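In structure tokens, the next block holds one chain alone, the form predicted alone.
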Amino acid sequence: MSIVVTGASGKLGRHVVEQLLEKVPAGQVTAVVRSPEKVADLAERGVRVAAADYNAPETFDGLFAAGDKVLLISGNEFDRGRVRQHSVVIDAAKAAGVALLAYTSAPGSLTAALADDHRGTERALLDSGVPYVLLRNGWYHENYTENLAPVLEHDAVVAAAGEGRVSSASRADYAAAAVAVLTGEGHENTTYELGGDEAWSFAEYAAELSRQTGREIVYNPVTTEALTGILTGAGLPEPVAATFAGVDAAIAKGELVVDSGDLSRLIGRPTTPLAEAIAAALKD
């Protein structure tokens, strides 16, 4: 039996593999990537590396074995038909007879266009009959803290979220939840709504940035249309910019507040505070 992580060279996938290696022997972990050279260090530590691509179904032939536990990390190619991509993995997992397939989805409360592919993948997974876990990950701290340059340049947090709040957590927190499911028992056919312990508003985010930098950083709320224009001006394709702006609109409606407590229960500790993520980002 192997624990197989797709998208293992990505930011979340890396966290998952690193945390798995703290709990199980490296030989029991398989990292699935498009470019094996990106995880050469993992191979050197004894992790099995497999080259496969969501866009090439044949690359998943024989990759899984009966009894494997699989983490399907959602793809980020919004224009490539993600449900079709994810179904490649689901079909291969079903054919192999895996013991469990966990999928990194989006909160059930999210109605923005970003959630459409996740809902479609969830349906495909449930229809497959494969034992499943839906890890409905909320927003990541890093969605904001990894992009502080424009905020610090203009001393302003710009968002189309109104007074909405976000129950974000760190990538490491969400990775720990996945690891708990992959290494634990009794999670089959379960849905977890995952989010940080403390929801925050963008005004509070700006205030925390101000406190930590010693500068006056303000929250500048804009319309979704204005934010779409700002993002396209920064180089994002218009459909992607509109999708991200749509998430802000969902935040304004309260759709990214996740108060289930599932994340802290799964990982056995409080989730990482936003202030801690900001401090780490400012040190980099």
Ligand SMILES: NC(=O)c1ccc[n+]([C@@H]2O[C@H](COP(=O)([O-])OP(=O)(O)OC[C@H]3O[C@@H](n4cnc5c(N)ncnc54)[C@H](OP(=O)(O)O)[C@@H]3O)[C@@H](O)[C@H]2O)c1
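All residue numbers refer to positions in the sequence shown, first residue = 1. These figures come from a predicted structure and were not determined experimentally.
There is also a form predicted in complex with the ligand; it is not shown, and the following applies to it.
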- Given that the partner is absent here, state which listed stretch (233-241, 22-30, 49-57, 216-224) has heavy atoms within 4.5 Å of the ligand in the predicted bound form. 49-57
- Checked Thr145, Gln85, Ser170, Ser167 for heavy atoms within 4.5 Å of the ligand in the predicted bound form; positive is Gln85
- Message: Going by heavy atom distances of 4.5 angstroms or less, which of Tyr192, Tyr132, Tyr205, Tyr140 would be at the interface with the ligand in the predicted bound form?
- Response: Tyr140
- Is Thr272 close enough to the ligand in the predicted bound form to count, meaning some heavy atom within 4.5 Å? no
- So, in the predicted bound form, is Arg265 in contact with the ligand at a 4.5 angstroms heavy atom limit? no
- Message: Can you work out whether Glu77 and the ligand are in contact in the predicted bound form, taking contact to mean some heavy atom pair no more than 4.5 Å apart?
- Response: yes
- Query: Does the 4.5 Å heavy atom contact test between Gly261 and the ligand in the predicted bound form come out positive?
  - Reply: no
- Message: Is it the case in the predicted bound form that Lys94, Thr121 and Ala124 each bring at least one heavy atom within 4.5 Å of the ligand?
- Response: no
- In sequence order, which positions of 1-16 have a non-hydrogen atom within 4.5 Å of the ligand in the predicted bound form? Gly7, Ala8, Ser9, Gly10, Lys11, Leu12, Gly13
